[in-house]
Ligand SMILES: Cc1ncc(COP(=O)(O)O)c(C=O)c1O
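Below sits a lone chain in structure tokens, taken as the form predicted on its own.
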Amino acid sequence: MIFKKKDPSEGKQNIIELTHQHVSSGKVGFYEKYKIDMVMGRREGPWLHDMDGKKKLFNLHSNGGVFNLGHRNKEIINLLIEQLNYYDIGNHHLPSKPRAELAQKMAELMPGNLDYTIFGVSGGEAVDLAIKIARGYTKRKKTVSIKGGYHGHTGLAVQAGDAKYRSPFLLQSDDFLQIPFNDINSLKEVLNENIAAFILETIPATLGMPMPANNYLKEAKKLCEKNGTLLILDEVQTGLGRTGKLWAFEHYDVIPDIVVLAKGLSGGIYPMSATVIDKKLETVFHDDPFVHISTSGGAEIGCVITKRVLEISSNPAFLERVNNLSKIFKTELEKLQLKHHKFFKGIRQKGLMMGLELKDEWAGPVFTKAAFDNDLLIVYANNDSSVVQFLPPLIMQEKEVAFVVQQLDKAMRQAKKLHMAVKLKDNIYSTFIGFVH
């Protein structure tokens, strides 16, 4: 399609054209090629509607956990409206009641000496800061991360992720080393007096949700302590109740030196991230407490929202509900796997952090498209495209599981046919990438 510049209007096609002209011509071309015809319109709870009202999607990706509490959570919105009568972003130079109270709440909910929190806007910003603190505290430069991992697209964060995110921007650095996930011997080999930090997601989402092996994280922490290296756990997607516990690392009997949080902290309404650090690391800021700042990080109105998100997510009844949904999904997905066993190979699950293992690397992209055609928003794992990420909103109703499973069944049947066509058409989906973050 050739796009001609037009005056903006409310029409869906004009929004697509404006996106092509001023936001991303590549993304528009991608969605056109694979007939993903969607412009976000009304949204509520687990549902995302097209702006023309002709289609709606049940959100089983939740934008990596941004929408843990659903789209436009009424309690969060009402709180925002109420607090806007008093608060705005605030000033990062001055003490703030909402910021101090949120940091206190975070300390209460974190184990060990994870007592200090520095707030930001995005997960990448929070990861950047975590690595900066590790370097500042240890006086070392090198960082170890996981092959196929993902920590954001900003300066230090992108260097800790997979090469595909940094190579186009000439960001390769000898200060960043990578090892396989779940390989404790590789960690032993690489750790030395030059390594400031070992960073990984507790459950690496973009790598396809592989689960940590028994004692892997616990042994990693011991090795880090032995070498004077800090352990940074990225819980941007796994935190806030997603796994059935408030923090995913609680399942693995480990307390990291630094925890990175984002996405779900926003309540889907106001961007917030957090770098939570062990008390000893706060000394990095003693000589100059203004050596790191974030103008919009810890915005007062955002802190009010995030404090309520923490209260909701840490409620035992909320976590019990997540675990109940997890059991129901486990049962239903196992039935579906038996039915489609040649295509649907396995289930990776910790609570409602789930990955569906499919036949091969073409199956994930194919299933993403088939799911869209059957009113489900599901996204494959970009660094292991044989797995699709399955992250339903934590507030979905038990009665909605039947609908989701029914549509998954339809999508599986369609995907199997499409998968055969892909093989016959010389890997037509070889460029079906990027639809993940």
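Only a predicted model underlies this, so the values are computations on that prediction, with no experimental measurement involved. All residue numbers refer to positions in the sequence shown, first residue = 1.
Although not depicted, the form predicted in complex with this ligand is the subject of the following passage.
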{"item": "Stretch in contact, per heavy atom within 4.5 angstroms of this ligand in the predicted complex, of 144 to 152, 355 to 363, 70 to 78, 310 to 318", "value": "144 to 152"}
{"item": "In the predicted complex, the one of 98, 124, 351, 90 near this ligand [non-hydrogen atom within 4.5 angstroms]", "value": "124"}
{"item": "Exercise: residue 236 in contact with this ligand in the predicted complex, heavy atom 4.5 Å", "value": "yes"}
{"item": "Contact label in the predicted complex: residue 201 to this ligand, heavy atom within 4.5 Å", "value": "yes"}
{"item": "Heavy atom contacts to this ligand in the predicted complex at 4.5 Å, residues of 261 to 281 in sequence order", "value": "263"}
